[in-house]
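The data below hold one chain only, encoded as structure tokens and taken in the form predicted alone.
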Amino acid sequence: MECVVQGIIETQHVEALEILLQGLCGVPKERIRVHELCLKSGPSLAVPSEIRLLCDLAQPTPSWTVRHVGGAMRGAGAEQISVLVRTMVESKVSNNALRFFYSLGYKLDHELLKIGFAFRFQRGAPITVTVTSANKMPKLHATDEAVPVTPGIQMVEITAPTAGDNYNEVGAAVSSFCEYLAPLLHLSKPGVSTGIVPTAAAAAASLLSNTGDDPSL
């Protein structure tokens, strides 16, 4: 299981967000360049399902991961916390995984190239922050020709692994961290549209100005 929140930020403010995250996390950023293929089950499979194959192109030797995101937790407990708690299972797979899932009856629904960066750190829980732009391909698997889906806008996602007995504590850790980012963007449960934060431009200008004054940053 995992706790997750999402938000959007204008590309022009991503540099300021990176500076803020670097200061908060205290770890080097990781480069992201992931080819994501969304597969949906065909009529030959009795139970409809959706999986995502992720190819990490940022590594010297690309590696593949399969991920299945299940349903969100429901009930009074879920409504009282500000993060979404959902099941998520992922595993490393070989580079012929796409052919394997095709043989099982899955069909390619769409594919994206996600480019950006991530910070992974410990703050009350193991937390991952990813900042990415989603890019579509004009033809099948043509990652070198990918163009932005939403030019000028990037997605920010914060996730943390959890379990059925500690999601309140993990959710609180994620929510607490989100407060540090509030001047630049608003993070909420996936599917809840919050738009651009009005204070983002001023906050970004302040961060960039302070960095310029300090040669150590």
Partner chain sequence: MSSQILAEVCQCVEGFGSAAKEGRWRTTLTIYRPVARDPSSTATSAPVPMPGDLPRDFLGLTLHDRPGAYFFILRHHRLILQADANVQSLMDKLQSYKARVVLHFEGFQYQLGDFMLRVGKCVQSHADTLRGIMMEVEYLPLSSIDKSRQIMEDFLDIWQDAVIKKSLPGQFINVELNFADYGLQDQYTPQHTALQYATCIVQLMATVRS
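Just so we're clear, the structure is a prediction, and the values are computed from it rather than from any experiment. Numbering follows the first chain given and starts at 1.
This next part talks about the form predicted together with the partner chain, which is not shown.
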Stretch in contact, per heavy atom within 4.5 angstroms of the partner chain in the predicted bound form, of 54 to 62, 145 to 153, 41 to 49, 169 to 177 | 41 to 49
Note which of I115, V129, V85, A97 lies within 4.5 Å of the partner chain in the predicted bound form, where distance is taken over heavy atoms; exactly one does.
-> A97
From the list K189, R67, R33, K29, which entry has a heavy atom within 4.5 Å of the partner chain in the predicted bound form?
-> R67
Heavy atom to heavy atom, is L140 within 4.5 Å of the partner chain in the predicted bound form?
-> no
The partner chain contact at K92 in the predicted bound form, heavy atom, 4.5 Å = yes
Partner proximity in the predicted bound form: Y106 to the partner chain, non-hydrogen atom cutoff 4.5 Å | yes
